[in-house]
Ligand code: ADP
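Single chain ahead, written as structure tokens, the form predicted on its own.
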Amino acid sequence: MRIAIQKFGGTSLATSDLRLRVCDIISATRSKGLSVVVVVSAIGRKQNPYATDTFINLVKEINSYPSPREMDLIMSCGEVISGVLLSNQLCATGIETKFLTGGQAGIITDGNYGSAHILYVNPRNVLNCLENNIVPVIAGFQGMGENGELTTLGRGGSDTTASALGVALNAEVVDIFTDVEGVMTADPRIVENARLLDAITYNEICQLARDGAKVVHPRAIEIAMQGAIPLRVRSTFSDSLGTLVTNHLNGSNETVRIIRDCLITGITYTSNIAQIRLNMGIIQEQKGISLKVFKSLADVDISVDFINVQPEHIMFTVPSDSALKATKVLQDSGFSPDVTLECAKVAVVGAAMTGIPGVMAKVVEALSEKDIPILQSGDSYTNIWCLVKREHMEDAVKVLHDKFELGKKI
């Protein structure tokens, strides 16, 4: 059986007309001989009546500290609503369907409310639908703990549901339908000549996602990569095939050749960051100091990033909304942190840069030409990231995109 997983985001399901467009996509895919498994997100976004944030706010208006279990129950409602609506819309067009919650679809989790991880998938009910020519419409973002309790998978969880089902069912492809054409070389709202990428590797898109590109959730990519299931990022509103994410052609050992004139795949960014610096020169007792710093922050659930530890100083970043809390914790622990607010991380991503000299030189050159100071930098084998002031972020993205000539058609 040839299977395609098709996940539709909330903006694709917001109106009856849009759901009819989704029905057309599903019908066209089935006409090509594929069995379709549909995964849905909640309808709309913040302030829409059936969006997840709307349900969260309904509860928190009554109780600022609701139980995690009950929050998962209400947060799961958005996907149930959109799934039942789409299922019935498909039925109205003559396609037999069956709606399944995450638990009914066999998504079994570790039971951690609010950010559960999938332990395994038992696709028995889904396969039973497919064998009877029924399209299963599945609520994304949710699963069930082994104790039978409903759990949610955290933000981006519907992408994760789709990838997990793709691996469990050995699907030919997982299509992530959204409101953008696919993966771009940069945010088109910032860079006018940002270009659609026809293909990208798992590692590259995962790095882009972790560095701020809001296209596909990194966990979904990692699951697809582990199962070697091709993933496509596509627009519901276009017939374009979007961006293919894979390292290998499906069903063969032939490596997909992703040929580029440039070393770099894309430029992305994350804003709302604060940099914290501790000067070791004024700290008398330095033995175990790094452990004390990071443990004090971990004890109050503050996530740190962009870490740089040297004998002279310790630098790292925290989300802007954690900066005040982090500062107080460090001061209470005997430190005098220097805090720089309103920062942003700009990242240059590309698997082809590994082992190639001169990439960092071009990054520094591009930012220097625009008089953009680098507050901190770091790298891995697929990316280089620089911390800049938030006011310089958009210019940094533009000049780096131009420096690596990413607007050129390949």
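Think of the rigid core as the biggest set of C-alphas that the two forms share within 1.5 Å after superposition. One rule holds for the numbers: they count along the sequence shown, beginning at 1. Since the structure is predicted, the reported quantities are computational estimates derived from the model, not experimental observations.
In what follows, reference is made to the form predicted together with the named molecule, a form of this protein that is not presented.
When the named molecule is considered in the predicted complex, Pro188 lines it closely, a heavy atom lying within 4.5 Å. Shown alone here, Thr178 lies within 4.5 Å of the named molecule in the predicted complex, counting heavy atoms only. Heavy atoms of Ala105 never reach within 4.5 Å of the named molecule in the predicted complex, leaving it off the interface.
Residue contact with the named molecule in the predicted complex: Val183 places a heavy atom within 4.5 Å of it. Checked against the named molecule in the predicted complex, the residues Lys214, Lys292, His117, Lys98 give one hit for a heavy atom within 4.5 Å, which is Lys214.
In summary, among the residues Arg45, Lys370, Arg30, Lys362, the only one with a non-hydrogen atom within 4.5 Å of the named molecule in the predicted complex is Arg45. Only one listed stretch (299 to 307, 323 to 331, 130 to 138, 170 to 178) carries heavy atoms within 4.5 Å of the named molecule in the predicted complex, and that stretch is 170 to 178.
Contacts to the named molecule in the predicted complex (heavy atom within 4.5 Å) from stretch 312 to 343: none.
After superposition on the rigid core, the Cα of Ser158 moves by less than 2 Å between the shown form and the other one. After superposition on the rigid core, the Cα of Tyr269 moves by 2 Å or more between the shown form and the other one. Once the rigid core is used as the reference frame, the Cα position of Ile25 differs between the shown form and the other one by less than 2 Å.
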